[in-house]
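Only one chain is given next, in structure tokens, and it is the form predicted alone.
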Amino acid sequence: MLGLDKKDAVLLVIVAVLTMFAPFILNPFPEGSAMAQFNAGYPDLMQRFVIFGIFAIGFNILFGLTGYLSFGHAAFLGVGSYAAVWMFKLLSMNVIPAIVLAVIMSGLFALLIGYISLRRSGIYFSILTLAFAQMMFALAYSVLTPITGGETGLQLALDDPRILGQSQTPEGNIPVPGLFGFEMRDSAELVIGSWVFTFNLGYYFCGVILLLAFYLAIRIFRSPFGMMLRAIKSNQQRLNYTGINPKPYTLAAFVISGMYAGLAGALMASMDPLAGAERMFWTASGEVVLMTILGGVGTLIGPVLGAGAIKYMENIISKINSDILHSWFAFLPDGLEDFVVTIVYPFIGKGWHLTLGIIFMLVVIFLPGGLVEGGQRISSWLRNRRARRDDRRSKTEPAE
């Protein structure tokens, strides 16, 4: 299917099903119930799952496939956001031109930064990318304020020229990003009993982009170009001895990865037309590293899972407060209830980073392959258990 073997085709179908049915999958608990706190099926969060999944997929091409660890990949995320918002301000509110410009601009920046940074490898490459990202953050935050908006960020205004679109709506408001007449914020709700499922145009647009990005990543992983990147990661020095120059391949991987980041930045601006320098800060680059490692470095679906896990904790676990904990443990005696809440509270709410750190530590120690390895171990255990059960059954059955 689509030039993929059976295993990759099944993986693409799984991602497609998870993406298309996310409003149902992420809303397992009825509204108003005590467990509704864990529902994540609202548009803003689902969009974050998908957008950061694209960001992590692109980063995995550089880190997981090629073996180059970048600490400054958020720079391209910021470039993509700024390019998209400028397209909204100058041309039109259609998201397609904004995405195209963002991908091109992030690719050009990646070409420049990669050409310089890839002269070194290992930790020196990582430090160079971090330095470039911090320089770009400083430029966006305080030097290039007429272009970037400085600390307040780049925003739309009523006096934007917007050549192919209206500067303001008939009501006098700033128009919102859309797709050929449909607004990204358009949503429809389906109410089934106590469950409310929201279907948002912006989310499904991002979801289709995710599937295309995931399909392209599969083709890159399975192509001769991808095999060359694996060879570079395995032993670049031995590759040099064969007379092959790995620099063009590593630069191409860096540019492709940067374009993925720019695409994610453009989608962020398409959902919320605002670009700020904080998207270039080093913590954003560190976050995508955590996503990739948590999900599984070098795997196809791992970065998507890692992005979803971290964004879920950031947006769901971080909102659990002491009042919610008391409602959960109200069945306990008063003294025991307060004790349990006191023990649990440091790990949720503002302390969600502590929980993330513990999970990350456990994954690195016990599951070096990330969540994907965990799923593979569970699948292997189930298969072995089924095989042993069938073997016992065959031994106990009387021979004919």
Partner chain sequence: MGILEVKNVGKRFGGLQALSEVNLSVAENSVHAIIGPNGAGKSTLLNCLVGKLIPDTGSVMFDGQSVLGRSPFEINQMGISRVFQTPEIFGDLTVMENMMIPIFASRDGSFRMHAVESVVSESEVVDYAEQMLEDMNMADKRHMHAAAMSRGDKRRLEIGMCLSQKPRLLLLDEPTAGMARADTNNTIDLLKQIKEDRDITIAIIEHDMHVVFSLAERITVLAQGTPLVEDAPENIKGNPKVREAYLGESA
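Note that the structure is a prediction, hence the values are computed from the model and not measured. Positions refer to the first chain, counted from 1.
Below: the form predicted together with its partner chain, not depicted.
Partner-facing stretch of 280-288, 237-245, 93-101, 108-116, counted where any non-hydrogen atom is within 4.5 angstroms of its partner chain in the predicted bound form: Flagged stretch: 237-245.
Val208, Leu212 and Met268 each touching its partner chain in the predicted bound form (heavy atom, 4.5 Å): Per the other structure, none of Val208, Leu212 and Met268 touch its partner chain.
In the predicted bound form, Tyr204 touching its partner chain (heavy atom, 4.5 Å): Contact check for Tyr204: no, nothing within 4.5 Å of its partner chain in the predicted bound form.
4.5 Å heavy atom contact, Ser223 to its partner chain in the predicted bound form: The answer is yes: Ser223 has a heavy atom within 4.5 Å of its partner chain.
4.5 Å heavy atom contact, Met227 to its partner chain in the predicted bound form: Judged by the heavy-atom cut-off of 4.5 Å, Met227 is in contact with its partner chain in the predicted bound form.
4.5 angstroms heavy atom contact with its partner chain in the predicted bound form for Ile256: Yes, Ile256 is a contact residue.
One residue of Phe329, Phe199, Tyr249, Phe125 in contact with its partner chain, assessed in the predicted bound form (non-hydrogen atom, 4.5 angstroms): Contact residue from the list: Tyr249.
Partner-contacting position among Leu216, Met135, Ile316, Leu325 - heavy atom within 4.5 Å of its partner chain in the predicted bound form: After the contact test, the surviving option is Leu216.
Neighbours of its partner chain in the predicted bound form among 299-322 [non-hydrogen atom within 4.5 angstroms]: Nothing in the stretch sits within 4.5 Å of the partner.
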